[in-house]
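This document opens with one chain alone, in structure tokens, the form predicted alone.
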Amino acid sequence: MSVAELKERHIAATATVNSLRERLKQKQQLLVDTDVAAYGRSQGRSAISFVSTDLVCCRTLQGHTGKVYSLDWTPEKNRIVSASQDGRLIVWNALTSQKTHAIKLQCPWVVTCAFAPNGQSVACGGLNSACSIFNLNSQVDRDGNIPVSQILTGHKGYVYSCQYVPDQETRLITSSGDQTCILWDVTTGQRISVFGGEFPSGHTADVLSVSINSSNSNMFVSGSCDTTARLWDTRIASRAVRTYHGHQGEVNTVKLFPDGQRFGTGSNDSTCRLYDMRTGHQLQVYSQQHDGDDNDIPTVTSIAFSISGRLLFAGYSSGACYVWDTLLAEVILNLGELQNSHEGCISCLGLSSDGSALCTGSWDKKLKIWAFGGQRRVI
């Protein structure tokens, strides 16, 4: 068989596969006869009642001299690490607002940070295409700085996101502008697996965010500038398990739902979406009407779910921070309108492990800790 005949066969086979894929997608759409909010209303459910005193700003963390880009809580809930354009990582005591560590970075362009599960190390990455690890128990050098304990190099683009594998201090996943995610052995600094890249099922643009399934740490979700989210299995690096479509803009942030069966996304198209991991179906869209032209539409920068999953916290480039009722897709509170709110883009947010406090970071160089107040119980 000649090369020309093989090419013809390949083209024909590709067309057949694409046709079958489209027919399957149409069949699936016929089965999606409702969304979460419509079903909730049909069952007589009502939105959670929230007032401004139910979630109050109880701490403002000041110390950064540049925009705050990323934050993460320790599992024991009382410490936070933040990364800023000022080229520093700061570890905070969330109960006292005191700084416990201030780490000066060799590369000031840092955009992501993460705590190790044991709370003894922090990781960060940015425009130097590397992920740096710092042991908080290390002796400081002559200048009072904590030395780098490990540098993970191998990406060919900016490192946009990093997250430790739950309950594994020696495993970490990064995402990058080189269209890949990498699973690392932090101890040796070696790559264990690369997800995407030359594989056809991988992302086709920068990968901006990852979220690891805490109930099954072999699975993680990634979000990308190619407007999709993808599900990966660390045991099968050669292909994505599933690809999720729906967004009309870059997927800036992804977050696993508390039950490990669903996940949320936030995008430049100003919407958040909820997906079922197993079926691939989009369960709900969380969007607000916006006045003005498309260039003024605020982007979703970061999301987090409450411990029950009933609330979705979403930060926006406009400075808004909406609290969504995930069941009925209604905004029940905007932290951006409350007293002591941020004065700039909400660039990052995260919930403490017990769900009792929310921390937000902003381009106004501050972090704020919000706690449930009054008679409001943790949801």
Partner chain sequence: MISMLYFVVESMGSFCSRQQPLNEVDSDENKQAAKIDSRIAEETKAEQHIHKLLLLGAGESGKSTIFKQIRLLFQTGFDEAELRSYTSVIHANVYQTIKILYDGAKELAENEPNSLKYVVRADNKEIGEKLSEIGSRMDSPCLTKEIAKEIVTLWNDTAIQETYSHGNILQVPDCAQYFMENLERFSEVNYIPTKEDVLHARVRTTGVVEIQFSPVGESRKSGEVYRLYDVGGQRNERRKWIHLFEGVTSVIFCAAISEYDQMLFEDDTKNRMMETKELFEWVLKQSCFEKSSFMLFLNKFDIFEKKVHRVPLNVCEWFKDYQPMGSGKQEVEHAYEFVKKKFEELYFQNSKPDCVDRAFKIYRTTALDQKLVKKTFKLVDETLRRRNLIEAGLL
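Residue numbers count along the first chain shown, from 1. Owing to the predicted nature of the structure, the values given are computational and were not obtained by experimental measurement.
What comes next is about the form predicted together with the partner chain, which is not displayed.
Novice: Considering non-hydrogen atoms and a 4.5 Å limit, does the partner chain approach R242 in the predicted complex?
Specialist: Because no heavy atom of R242 falls inside 4.5 Å of the partner chain in the predicted complex, the answer is no.
Novice: Does any part of N252 reach within 4.5 Å of the partner chain in the predicted complex? Heavy atoms only, please.
Specialist: Looking in the predicted complex, residue contacts with the partner chain include N252, since a heavy atom lies within 4.5 Å.
Novice: Applying a 4.5 Å heavy atom distance criterion, does G63 contact the partner chain in the predicted complex?
Specialist: G63 belongs to the contact set for the partner chain.
Novice: Residue-level contact is defined here as any heavy atom of the residue lying within 4.5 Å of the partner chain in the predicted complex; does I297 satisfy this criterion?
Specialist: I297: no contact with the partner chain in the predicted complex.
Novice: Tell me, which of S287, Q150, Q85, S193 has a heavy atom within 4.5 angstroms of the partner chain in the predicted complex?
Specialist: Going through each option in turn, the one that passes is Q85.
Novice: Just to confirm, with a 4.5 Å cut-off on non-hydrogen atoms, which of A123, V110, I212, I303 contacts the partner chain in the predicted complex?
Specialist: Contact with the partner chain in the predicted complex is made by V110 alone.
Novice: Determine which one of 92-100, 185-193, 229-237, 163-171 lies within 4.5 Å of the partner chain in the predicted complex, judging by heavy atom distances; exactly one does.
Specialist: Answer to the contact question: 92-100.
Novice: Are P117, F220 and K365 jointly within 4.5 Å of the partner chain in the predicted complex, each by at least one heavy atom?
Specialist: No, because P117, F220 and K365 lack any heavy atom that approaches the partner chain to within 4.5 Å in the predicted complex.
Novice: Judged by heavy atom distances of 4.5 Å or less, which residues of 328-359 approach the partner chain in the predicted complex?
Specialist: In sequence order, D354, S356, A357 come within 4.5 Å of the partner.
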